[in-house]
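The chain below stands alone and is given in structure tokens; this is the form predicted on its own.
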């Protein structure tokens, strides 16, 4: 996500909020590269919540691994009501009598497990579901949750709202990091990725958009039904759902890659330059990051508030209001770089957000240099100069989308590039994606791979550059 134009500025000179990671600003010692393992409730507690995320302890649900979501929602922007049902195929990872899902907003009316209606409890922010029969580790379950709600964006610990937004012509969702649960019962943590089928019903004349390929579009009376299929593993925060007067724009990118974008009909001509930028940017990044990691790409231009840019998987989301003001190249390249870093390889814990934002920021720096703007070296030097106190590798929830995750993280990557050399650095980035595509990984996983590629111990480097509250003032030479 690049929210710098709205609430989480990534512009040089913006002072990042002080880290809440427990670092004493008077302590110059680096934070160790092996952070304390988060404590969770005992394994025999069937009602424990969360999967141990330090920043969002409520998120995620122990004992389950979701493989597929079948999301069926009917939405009418005139009444602002969702009538929804989600069919969740999952596997138990431990013996369970009950399971939980993240749900903070949906009003659940029925839960069915393997064809049997069962009892449940709405215990905000959890939906507690009793299993009709005791489940064993490895069992496959299909859980159907029927619900309704009047959707609205809800506050998040990051300091801005997220969830379902109404727009002048329809709606859109902004889910990072914990907004999906406000309109969809789910396992709302990036450590659990799944495939999706979206069936969205809207009034006649409107378009409904979601991640993946358009599988079907049909008219049923005075409604339109749109079916989208995302077959590659995706975290809930990367879900895209849009409704409005959209034109679906098809094209072909490098190596025959399918391009599938959506633009408001009235904006099609104005947004053509952005559409034309996709192929050159993909070709550029493939040289350094490896092959584009999904089976299609596109952009979605919505009528949201300005300053919104989000790496929704396979089709990045932008605000129409931000185009035509000189920031298009940065926005487009940043969110495209996220398709490799954040979407293909997703952070397993929210404290590892730098694995998303630092890499996307470095990517847009590389693209801006390529088109003749500021060089990467100059941009990194400027970012280092403006970097404030706080460890990039251990942000608090309020700092996740602050300066030290974006430009501060790009500083870490540039220092690593100088430390190990260009060949090893770009080999590392390519192996990171190629070996982990479809998975969720931690900072420790990245460090281990970096040491393997570089053929040297890098703990001291990461202690100084990633985990220290104050980094060195000069890059490695």
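All figures in this text were calculated on a predicted structure; none of them were measured in a lab. Numbering follows the first chain given and starts at 1.
The protein also exists as the form predicted in complex with a small molecule; that form is not presented, and the subsequent description refers to it.
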Listed range touching the small molecule, judged in the predicted bound form by heavy atoms within 4.5 Å, from 192-200, 369-377, 241-249, 169-177: 169-177
Candidate spot 162, 310 and 335, all three touching the small molecule in the predicted bound form (heavy atom, 4.5 Å): yes
Proximity of residue 228 to the small molecule in the predicted bound form, heavy atoms at 4.5 Å: no
Residue 401 within 4.5 Å of the small molecule in the predicted bound form, heavy atoms: yes
4.5 Å heavy atom contact, residue 158 and the small molecule in the predicted bound form: yes
Residue contact check: residue 357 to the small molecule in the predicted bound form, 4.5 Å heavy atom: yes
